[in-house]
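So this first bit is one chain, no partners, the form predicted on its own, shown in structure tokens.
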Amino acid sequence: MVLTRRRFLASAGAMAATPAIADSAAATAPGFPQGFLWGASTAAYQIEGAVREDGRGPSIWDTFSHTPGAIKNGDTGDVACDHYHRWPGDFDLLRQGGFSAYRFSVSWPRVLPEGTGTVNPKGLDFYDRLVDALLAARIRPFLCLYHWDLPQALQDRGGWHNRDIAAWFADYAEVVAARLGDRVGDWAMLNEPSVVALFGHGLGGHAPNLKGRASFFLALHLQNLAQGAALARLRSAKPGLRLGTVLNLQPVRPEADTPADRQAAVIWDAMWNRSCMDPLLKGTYPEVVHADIEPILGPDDLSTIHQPIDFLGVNYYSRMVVKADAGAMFGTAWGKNAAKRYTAMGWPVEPRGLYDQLAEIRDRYGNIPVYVTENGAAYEDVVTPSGKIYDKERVDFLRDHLAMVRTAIAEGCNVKGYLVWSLLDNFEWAFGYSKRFGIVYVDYPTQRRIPKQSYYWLGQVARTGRLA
């Protein structure tokens, strides 16, 4: 069985489901503050397609998706949502929906087909057009430099196992910023480095499908190092940019209240959450991972990684429950959950976990500005004979999570915006096109877009600043 981030979350689960809006503060908190940003997120490989057009080089996901048996139904990102050609209509959906922000990623191999060296001008031209169109529509662009599509040419040179990648990534960041930094103010370095490390380099199931404990820690550390190098480079080359990164954060709970399970939760929390946050925000790794990190830690690595940031992007889908398992790679295994609601991915619906995570950032990490950069759910969407899609379960999911965001803000959490995952149904990594996260339905054979009930509901929230 291919283990992916999605299956992992389904098996990781959570302790207990939070009722729809169980916290009394959620029901009584005021509306969202003036200036709160509302938007949607996407990723280049998941929507763009056009993988062989205008000089784009191959990425590790092109290679992996064409590997027999790697992706459900043999799907690839070759066409995806054809956003490369259909972006004007997709941006009309953003504008008509009342959204004020859009997070997208730049395809590294579209800009630098070999990962380093010669720049592909047509690749930068494409993102030029996107940025100009967003600004013309008064939509604030949030640019993410890396959302998993490493150039295959760099993987052939070791990828996230080669320390030179820190300089390669900083060079790439500077190339993109030199072209777009006059118009894009918000820059995220990475998307979910823990996912890249675990499923791409630890357990396997994502590109480049490497495995092993040492492989996991090396990929995680070198992503942290590359992130720090890029932050420093952009801070120097383009003063005034708002710089940050995007982490997939999930509160971890022990399955049982036993010393062994409590320690398993500490270990997994350190690996999944704190090995990304602590080096960046505190300049140190959690103590429980020192034995794995110290052999690969260079003398100046922590000072390079520990950079000031202007915002943190938080992706949240569910909590995690773990138990001790001495025979497992990391000494932990996924525990049982008691959730009452699940998405089509089999993930437990746990809005309270988002509140818990935001409160922890407030209390433990200095209450830095936060954007919820991904939150959403897959459900079995059905197009009715009248051509409409009534996705009430997704509306309920969004309402309940936004209620927790509103409560967190009322209790002093420095949350500046919410960007749903995702604007469009898209290529869902190892699940191909079998799972739909979009608030806009994509009929893949025709590429027709159909806004769902959740699109109209979230748009109304964005316009009014209040939950309907």
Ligand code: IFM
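All figures in this text were calculated on a predicted structure; none of them were measured in a lab. Residue numbers run from 1 along the displayed sequence.
From this point on, the text means the form predicted in complex with this ligand, which you will not see here.
- Looking at Glu428, you'd find a heavy atom of it within 4.5 angstroms of this ligand in the predicted bound form.
- Proximity of Trp421 to this ligand in the predicted bound form: non-hydrogen atoms within 4.5 Å are present.
- Proximity of Gln46 to this ligand in the predicted bound form: non-hydrogen atoms within 4.5 Å are present.
- At least one heavy atom of Trp347 is located within 4.5 Å of this ligand in the predicted bound form.
- Checking Arg110, His201, His83, His147 for any heavy atom within 4.5 Å of this ligand in the predicted bound form turns up a single hit: His147.
- A heavy atom within 4.5 Å of this ligand in the predicted bound form is found for one listed residue only; from Tyr102, Tyr317, Tyr285, Trp187, this is Tyr317.
- In summary, the region of this chain contacting this ligand in the predicted bound form, judged by heavy atoms within 4.5 Å and restricted to 94-102, 135-143, 386-394, 189-197, corresponds to 189-197.
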